[in-house]
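Okay, so here's just one chain, in structure tokens, the form predicted alone.
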Amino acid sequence: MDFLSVLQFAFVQRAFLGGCVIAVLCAVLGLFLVLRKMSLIGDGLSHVSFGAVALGLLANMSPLYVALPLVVLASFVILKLTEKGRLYGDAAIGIVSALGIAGGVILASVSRGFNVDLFSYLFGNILSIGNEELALAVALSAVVLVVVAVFYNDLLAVTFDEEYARVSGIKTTRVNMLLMALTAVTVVLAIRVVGIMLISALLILPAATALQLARGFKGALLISALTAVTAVVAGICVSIALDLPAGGAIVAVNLVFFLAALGFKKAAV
């Protein structure tokens, strides 16, 4: 069977559509997080999602539906620990991340070890995304992108100078909570694309690539989104052609793009 005939299968088409939509989402939010030096929030929330997914599988419920509210709640906890607990962001992320991992390991032990379903969430399996998961991903991605567009100016102001934004009358606490909630939703949706272990790469690498090439924020958003989508499409194609894990292939392509952008920037100086 040749490569073009494989692309005609519905599950492959779902993978391309779902992957591209979520890639744009990760690219947009990832840029805000990288500029605010909060890129590790994706890693911390992905560890929380591990515990939430394990809970969903143990309760025989859809892991994504269980993970969504729990990961959003965890993002608020990280924010409150940073604001009220006099902790630096990385310490707050580490505390919540450790709790998520510990909870996941305990729940996996209760359910008599790691099963195939849990491993598919850990390392991603975008080619197995179903119609319901695709519809959920598209719908939530659309909602998140609309919210980002509506609050774009506030998010931009808080990203570059939170203190000035507060003095200007912007309710920075609400904006921070909004960013945390949007990031949590994005992390949960990205589980199927690259898996819990590689989500932070999908948030960081396209944004980091864009920042090497762009001269303005809107340009960075566009380059980040194009980089992420191209990496997903190329990664899926490579995974099918070479029989490699799709999540790992997508991250590897993103890394190649980043290194190329870094080399181009150094050559241009």
Partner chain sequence: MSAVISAEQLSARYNSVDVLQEISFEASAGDYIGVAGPNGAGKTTLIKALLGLVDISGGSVKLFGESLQRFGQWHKVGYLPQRASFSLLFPASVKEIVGLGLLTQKRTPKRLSSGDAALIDAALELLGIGSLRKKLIGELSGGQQQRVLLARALVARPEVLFLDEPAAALDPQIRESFFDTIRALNRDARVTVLLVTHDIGEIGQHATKLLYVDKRVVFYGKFTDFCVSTEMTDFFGTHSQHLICHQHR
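Since the model is a prediction, treat every value here as computed from it, not as a measurement. Numbering follows the first chain given and starts at 1.
The discussion below concerns the form predicted together with the partner chain, not included here.
Distance criterion of 4.5 Å from any heavy atom to the partner chain in the model of the complex singles out 168 from the list 128, 131, 109, 168. Contact with the partner chain, judged by heavy atoms within 4.5 Å in the model of the complex, is confined among 159 to 167, 192 to 200, 131 to 139, 95 to 103 to 159 to 167. In the model of the complex, the partner chain sits within 4.5 Å of a heavy atom of residue 220. The closest non-hydrogen atom of residue 211 lies within 4.5 Å of the partner chain in the model of the complex.
When the partner chain is considered in the model of the complex, residue 173 lies well away from it, no heavy atom lying within 4.5 Å. Contact check for residue 149: a non-hydrogen atom falls within 4.5 Å of the partner chain in the model of the complex. When contacts are defined as a non-hydrogen atom within 4.5 Å, none of 43, 69 and 179 contacts the partner chain in the model of the complex.
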